[in-house]
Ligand code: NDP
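Below you will find one chain, with nothing else, as structure tokens; this is the form predicted alone, and questions on how it binds or moves follow later.
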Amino acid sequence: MINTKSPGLPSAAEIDIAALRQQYRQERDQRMRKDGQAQYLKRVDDLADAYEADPYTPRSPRAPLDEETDVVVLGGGWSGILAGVQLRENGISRFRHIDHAGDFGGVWYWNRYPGLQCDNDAYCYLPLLEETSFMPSKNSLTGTRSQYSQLICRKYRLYDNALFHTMVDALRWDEKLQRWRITTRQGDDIRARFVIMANGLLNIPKLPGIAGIHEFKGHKFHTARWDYEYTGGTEKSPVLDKLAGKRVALVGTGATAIQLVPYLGKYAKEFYLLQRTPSCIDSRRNSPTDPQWAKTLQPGWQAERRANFHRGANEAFRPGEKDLICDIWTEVNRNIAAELEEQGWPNLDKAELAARYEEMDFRVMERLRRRVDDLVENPETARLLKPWYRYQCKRPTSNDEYYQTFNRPNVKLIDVSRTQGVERLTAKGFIADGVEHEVDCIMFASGYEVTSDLDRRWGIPVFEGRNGLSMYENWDGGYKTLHGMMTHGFPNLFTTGYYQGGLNSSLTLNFEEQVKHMVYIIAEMLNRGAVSVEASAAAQDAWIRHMRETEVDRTQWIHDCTPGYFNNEGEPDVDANGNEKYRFYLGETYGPGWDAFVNILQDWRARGDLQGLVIEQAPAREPTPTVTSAELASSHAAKTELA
């Protein structure tokens, strides 16, 4: 067989789907809160370091800049790096990156906590592997990704004009200058012809609005700003020896916590994990890169592997197609493909395929729950650690030490689902079920501003287009774009992210296709001598209608999920008719799929007519009068005579 089913996968006869649906709803309802996104704080003064401070790179003083440039890229993570690569590849050299970090890397610059892992296939996730001749040492790398991203930045000379430790406080379109004016806290005034918003999905750490968060007198920090001075150890040697006599609590059970928990359980005197919703956690199955396999790879291998991963994670494997990834992300579709192969690939319609997927979803999640029983010794702890929701309601994770950590006598799981989160912090610790637990340190693995309001996600207080129109007001109630990248009223501006566009399972490939499209338009404008370009209102409206007409309604699936950032903490979006909708990432993804979306962009560029864009050319200059040599000689003779 091309693909085989997961070991330990239960049959359909072994599970009661109706009963599971009921339990999923009960688990969801138990965790729902009325305050939705408001449960997270915009700012905690005594935790300002959770965003603004950089504990890793010293700040270098510099004079404020007063300059003009062609392009400013806001962000130095993967989307910003890939934008810079495209600008270089298209011969555009007058551009700057601006980032509040001390170097390139984005979330991989900030994340340096013990146990840091990339939980995606590295051969898919890391971009430009063929272009850089770089091969990951393992199929799922541990440690920081920033080293590879910085290798790319050196290769494409992105350091030449990068501004680090720089925070933008205003972004305004100046109609007279036909430029974006970017002012920063460092006193810069930069006028850019074009701006690429590349500030990422995992940009600003999010802090929970726990009652009493200001009262706690012990040490506290967000995991995105790991404090090795307090814990001991280093990024490369995470021996947290300074926690030996300390009582530590961790808030959060997402991907970061799954990787971090084994280290805190190993080194802390007492460790408490405060859990609202457990993650689903498979085995890691990480292995070194086989050098013999690497030698067999032919040009185009990464694109082929990425396409295979996307079909396995998001769509469906084709008859006879092998799963090249074989991890938790592709498991549901791999199992379906294996069973369809056993049955000779029967011709199923969409409804039948959807039913197959739903059934396999329940079976895979049951396999993962049984894994908990196999690894956790205490039955009550095992019960609390089991995930009761549909696959991908919460980001799938993998770890070979997480569950075993709860067998340690110094580790205690604190279930906070009945209070929909941590009940309260006190000066000495936290309260759960009316009992105060004293701790020395509280760490927040509470994630990032992924689906919260735009001003919280982007961290730019003032963002205004033509006539002072606020982007935050313009997009209030729903995104308005052409192809998810340009917005009427905001000329020469491009946005990366999940805004009415395609969704690929490999986030970096998403960014690659977006910035390729953006830089194509920028290059065209520079070559044509245009001063501004923006989406027409008609083209924007047509794209929004097309998004609606082709939309795949995920409302019921996401509605049934436990609250989290995928479904805006259970708060639905509301469309123009007042109907509740749950849109992935509170954005919208293109219903016909990734390949169809990429084809739209490629066909649009191939036509070359820039359909849907309003282009303003620079005003023509008065021609300089030509002077013949005879006229020049006559003029000279007259001047001589007058003298």
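One-based numbering along the sequence shown. Fair warning: this is a prediction, and the values are worked out from it, not measured in the lab.
The discussion below concerns the form predicted together with the named molecule, not included here.
Contact annotation for residue 77: none of its heavy atoms lies within 4.5 Å of the named molecule in the predicted complex. Among heavy atoms of residue 254, some come within 4.5 Å of the named molecule in the predicted complex.
Though the partner is left out of this view, residue 231 does not reach within 4.5 Å of the named molecule in the predicted complex, counting heavy atoms only.
Although the partner is absent here, residue 277 lies within 4.5 Å of the named molecule in the predicted complex, judged by heavy atoms. With the partner left out here, the named molecule still marks one of 478 to 486, 559 to 567, 260 to 268, 237 to 245 in the predicted complex; by a 4.5 Å heavy atom cut-off that stretch is 559 to 567. Between the named molecule and the residues 590, 56, 604, 40, the one pair within 4.5 Å by heavy atoms in the predicted complex involves 40. When the named molecule is considered in the predicted complex, only one residue from 511, 403, 109, 113 comes within 4.5 Å through any heavy atom, namely 113. Along 403 to 439, a non-hydrogen atom within 4.5 Å of the named molecule in the predicted complex is carried by 416, 421, 422, in order along the sequence.
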